[in-house]
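Only one chain is given next, in structure tokens, and it is the form predicted on its own.
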Amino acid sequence: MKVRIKFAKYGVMKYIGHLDIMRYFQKCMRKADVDIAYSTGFSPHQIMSFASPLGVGVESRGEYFDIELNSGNAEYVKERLNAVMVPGMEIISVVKLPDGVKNAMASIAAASYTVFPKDGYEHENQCTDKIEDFLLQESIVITKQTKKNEIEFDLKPHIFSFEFDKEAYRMLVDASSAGNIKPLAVIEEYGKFCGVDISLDHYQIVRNEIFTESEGKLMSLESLGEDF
């Protein structure tokens, strides 16, 4: 059966890169005695695929990966994995995916983020009350680096919501392969609009949730699954 696992990554674990996180979970599956399925062939490997990779230094309360199980149930998998998790890693939920559901990576449409100052820093006060005017612009063009060259890219249609609530910036942005907006790119452009040089390395990013689109509505990747 196909299973989707939601996990949180925070604290010192935010500095661990994506490839090491993949290896970490492969070891955890063995240590927790989860009956995960393996591929066939000369070099069998665990059948496991992750959603959008998280940048180093970014925390998350809504990361996902899919696996295939030979046997087991949600409660067993969650409890066994959490028993071997290190501080800063936590399994939030385990659900079974119905037939026909795309894998986590292919399902992504959007992601929500919270961006706030790290300890010892504060928001640039000149740049917290002009978001409405910022979003009313006809376009928000940035220069985006691709693998081959630099291109001009309009951020505006890929920013689904953006606000400031006295403590943090909160946003919902395009996270699909066609957009994949970085939250600090939005903050940087907002600073330019305000005429303020925002020090991006003073800010902490938290990814709150990853969403897919179904019938014109955004829903969490977790909601596509069912209990088992």
Partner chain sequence: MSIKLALSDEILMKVEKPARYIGNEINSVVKDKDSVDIRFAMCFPDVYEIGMSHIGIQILYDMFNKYDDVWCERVYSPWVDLDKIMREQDIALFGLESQEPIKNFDFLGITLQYEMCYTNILQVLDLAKIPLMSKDRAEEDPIVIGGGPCSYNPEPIADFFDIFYIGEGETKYRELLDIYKEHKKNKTSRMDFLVEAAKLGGMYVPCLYETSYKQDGTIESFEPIRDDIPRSISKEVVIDMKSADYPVTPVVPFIKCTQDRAVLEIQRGCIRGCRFCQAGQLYRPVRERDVDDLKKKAMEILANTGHEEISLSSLSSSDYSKLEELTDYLIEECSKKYVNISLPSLRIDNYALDAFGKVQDVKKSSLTFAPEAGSQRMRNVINKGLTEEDILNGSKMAFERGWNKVKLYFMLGLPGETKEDIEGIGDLCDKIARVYFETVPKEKRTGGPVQITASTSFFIPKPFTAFQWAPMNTKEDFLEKAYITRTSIINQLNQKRIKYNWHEADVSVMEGVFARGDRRIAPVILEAYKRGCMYDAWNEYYHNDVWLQTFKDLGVDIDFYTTRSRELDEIFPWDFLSCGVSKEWLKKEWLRSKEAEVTPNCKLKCNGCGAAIYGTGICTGDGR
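Note that the structure is predicted; figures quoted are calculated from it, not measured. Residue numbers count along the first chain shown, from 1.
What comes next is about the form predicted together with its partner chain, which does not appear here.
Residue-level contacts in the predicted bound form: of Lys31, Lys182, Lys192, Arg61, one residue has a heavy atom within 4.5 Å of its partner chain, and it is Lys31. When you look in the predicted bound form, the only residue of Ile92, Val141, Leu135, Val86 with a non-hydrogen atom within 4.5 Å of its partner chain is Val86.
Though the partner is left out of this view, Phe116 does not reach within 4.5 Å of its partner chain in the predicted bound form, counting heavy atoms only.
For the chain shown alone, Met219 is not a contact residue for its partner chain in the predicted bound form, no non-hydrogen atom being within 4.5 angstroms. Although the partner is absent here, Tyr121 sits close enough that one of its heavy atoms falls within 4.5 Å of its partner chain in the predicted bound form. Contact between Tyr38 and its partner chain in the predicted bound form is found at the 4.5 Å heavy atom cutoff.
Proximity to its partner chain in the predicted bound form, taken as heavy atoms within 4.5 Å, picks out 50-58 from the listed stretches 50-58, 184-192, 157-165, 171-179.
Shown here without its partner chain, the chain has Gly11, Val12, Met13, Lys14, Tyr15, Ile16, Asp20, Arg23, Tyr24 in 6-25 lying with a heavy atom within 4.5 Å of that partner in the predicted bound form.
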